[in-house]
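One chain comes next, on its own, written out as structure tokens in the form predicted alone.
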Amino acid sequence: MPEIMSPLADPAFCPLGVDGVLVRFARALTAEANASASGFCAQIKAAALPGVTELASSLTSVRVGFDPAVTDRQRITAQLRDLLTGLQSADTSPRRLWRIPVAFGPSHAPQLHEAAQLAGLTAEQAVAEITTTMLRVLAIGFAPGQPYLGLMPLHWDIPRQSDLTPHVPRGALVTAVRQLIIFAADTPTGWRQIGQSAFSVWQPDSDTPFLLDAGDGLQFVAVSDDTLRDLQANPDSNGGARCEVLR
């Protein structure tokens, strides 16, 4: 079934410098606000409004950059308000569905048991929920192509760590605050590592360096440690990820 947006409260239109407008659908993350943000960003892109120079959706908002030599804040804001009426009847279901293999063995998921305990689950129950929950790419950010994925069930609203883990590898699957991230690069983090993929979210030499888009659907597939090592040894497979175009 397609997802059709129900009317939200009027979003806020906030000025951002001399050449930007922020359209904010909510101050706190909800599935509906996020779908509105990613759906509205796609609508603006399709509309090809004169003077728009940049579009970026976040968890609950869209930044619209514009060229002041071509348009102005009053005009662009009026055009954005006109586009909003179409959002309420827009299909916001994912256009693409990704399936990405992840290993959850002890050597690849050092904090799985800890995260599961905080969520009130066993490790086996946690993996079952992670791999059966249909996730969405909520936003891209922090590092090139890096996705924020969600939303997990409410009991996954677990806090970040009080201290940083000094290093997790590229492709690590981490969790906090009902969200999951696949890391774009080796990095320190306050999120708990609960799995490992061989999927590269950022491919700088490609025509499309960011593989995932906000609004994409995503499902993780559990694989063995041996299978993950085989995928890591075959860079052409990009971690065994598969993308299905839904509409």
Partner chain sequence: MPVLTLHSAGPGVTVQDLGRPGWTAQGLSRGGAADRLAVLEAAALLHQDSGFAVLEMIGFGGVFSSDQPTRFVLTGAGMQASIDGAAVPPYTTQLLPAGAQLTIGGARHGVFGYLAFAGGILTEPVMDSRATHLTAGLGRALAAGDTLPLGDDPRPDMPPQRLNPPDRCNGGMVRMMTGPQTDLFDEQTLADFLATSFRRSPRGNRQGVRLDHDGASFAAKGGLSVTSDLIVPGDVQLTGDGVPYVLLTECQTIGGYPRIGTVIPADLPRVAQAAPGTALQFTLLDLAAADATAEPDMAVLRRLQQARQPLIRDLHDIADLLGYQLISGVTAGDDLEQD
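C-alpha atoms forming the largest set that superposes within 1.5 Å between two forms make up the rigid core. Note that this is a predicted model, so its numbers are computed, not measured. Positions refer to the first chain, counted from 1.
Beyond the structure shown, there is the form predicted in complex with the partner chain, which is absent from this document and is the topic of what follows.
Heavy atoms within 4.5 Å of the partner chain in the model of the complex belong, among the stretches 122-130, 79-87, 161-169, 97-105, to residues of 161-169. The shortest heavy atom separation between Pro204 and the partner chain in the model of the complex is within 4.5 Å. At least one heavy atom of Arg63 is located within 4.5 Å of the partner chain in the model of the complex.
Not displayed here, the partner chain is kept clear of Ala116 by more than 4.5 Å at the level of heavy atoms in the model of the complex. In the model of the complex, the partner chain lies within 4.5 Å of some heavy atom of Ala139.
The partner is absent here, but in the model of the complex a heavy atom of Ser58, alone among Gln219, Ser58, Gln43, Ser200, sits within 4.5 Å of the partner chain. Within 4.5 angstroms of the partner chain in the model of the complex, the stretch 16-37 places a non-hydrogen atom from each of Leu16, Gly17, Val18, Leu22, Arg24, Arg27, Ala28, Leu29, taken in sequence order. With the core held fixed, Asp19 shows a CA shift of 2 Å or greater between this form and the one not shown.
Superposition on the rigid core between this form and the one not shown places the CA atom of His155 less than 2 Å from its counterpart. Annotation: Cα of Gln146 displaced by less than 2 Å between this form and the one not shown, core superposition. Between the C-alpha atoms of Lys45 and Arg96, a gap widened by no less than 3 Å is obtained in the model of the complex, as opposed to the form on display.
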